[in-house]
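Given as structure tokens, the chain that follows is alone and in the form predicted alone.
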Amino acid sequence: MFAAVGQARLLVVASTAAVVLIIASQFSSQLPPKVVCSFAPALRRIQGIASTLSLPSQHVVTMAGNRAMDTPLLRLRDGNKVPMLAFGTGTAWFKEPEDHDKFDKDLVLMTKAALEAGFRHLDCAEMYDNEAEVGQAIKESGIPREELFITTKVANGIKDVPRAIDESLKKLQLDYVDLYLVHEPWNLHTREDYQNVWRGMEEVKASGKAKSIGVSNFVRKDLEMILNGSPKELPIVNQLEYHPYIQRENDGVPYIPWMQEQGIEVEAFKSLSALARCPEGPLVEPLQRMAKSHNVSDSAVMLRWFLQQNIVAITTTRKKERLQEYAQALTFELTKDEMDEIFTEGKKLFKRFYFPGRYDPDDRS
């Protein structure tokens, strides 16, 4: 009897929380930003209470046998919205040259598993040579296209970007991608190179074959090559290696806030490197301690660090069980002290894992 009464009380609390959240979502757009910011923390706490009661979230939808995670959406400058937790198909899944002609059935199964686990943002690239597998997984999932956010990137095809997107769409079996990125700037040497490629990207967006366009692995000087060229469309996103051991700050000048001030949102790949590649690093103990405190995995703590910076976290795995660990990042909130500790401890070690030879040893940009 007491259990039933307790459950009923919990349901009342959860229902009240849900009503508050619904009302807030309806009226927040009409309030001044300072007012919205003042009650945002309280709303997040209420939402946290509701989630601990295992009641359905207002934003969770069920379709085609798959349950979407209640993933926060980051609004881009062009009005499009990107799910902030993404399943990536680089790192663990890109093909070596000898595997170029092999269709990776395991990737199809893992991508479908990610979709089944609730991921709705899939990140792939021409360079990974696995767009066909991602496309097959999307097709077999049965999830309506409009419920997915698909990113791909151009590298080898930068001399003819409109042709490159056509080839990618054919492999993906799609009519459009949600986000199309210039994968890297290393084959761009002159201002004209940058502007020619970006004109191709603008043409792709104008054609409707990409809803949003951006860049990847661009440092500030690369971005400024585009920004100073009077583009019709500004890059909406920069996807780059970002984690506590490379905080993108040279000579006390932080790069991430500068991009966000320009309306360029940030996506982080190699997001779990502090755990996966630095087992003796200064963050191991703090992340384990925080994980224990929040009753989640240390991977979830690390991913949460990105989300609370309004940064899209891209991660991957070859193990299905890890997908649930990653999803835990959506169930709790780090305190300000915990966020600050990750920043502080991370600065004790500098590590760049993506093509470090292309940068000076002390270049942290």
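Counting begins at 1, following the sequence as shown. Predicted model only: the values in this text are computed from it and were never measured.
Beyond the structure shown, there is the form predicted in complex with a small molecule, which is absent from this document and is the topic of what follows.
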| property | result |
| --- | --- |
| Interface residue in the predicted complex among T71, S212, Q136, S216, criterion: non-hydrogen atom within 4.5 angstroms of the small molecule | S216 |
| Selected contact from Y128, F119, Y194, Y245, since only one has a non-hydrogen atom within 4.5 angstroms of the small molecule in the predicted complex | Y128 |
| Contact test in the predicted complex: N80 vs the small molecule, heavy atoms, 4.5 Å | no |
| Heavy atom of K112 within 4.5 Å of the small molecule in the predicted complex | no |
| F350 within 4.5 Å of the small molecule in the predicted complex, heavy atoms | no |
| Contact label in the predicted complex: P235 to the small molecule, heavy atom within 4.5 Å | no |
| One stretch from 139 to 147, 165 to 173, 248 to 256, 275 to 283 that, in the predicted complex, holds residues within 4.5 Å of the small molecule by heavy atom | 275 to 283 |
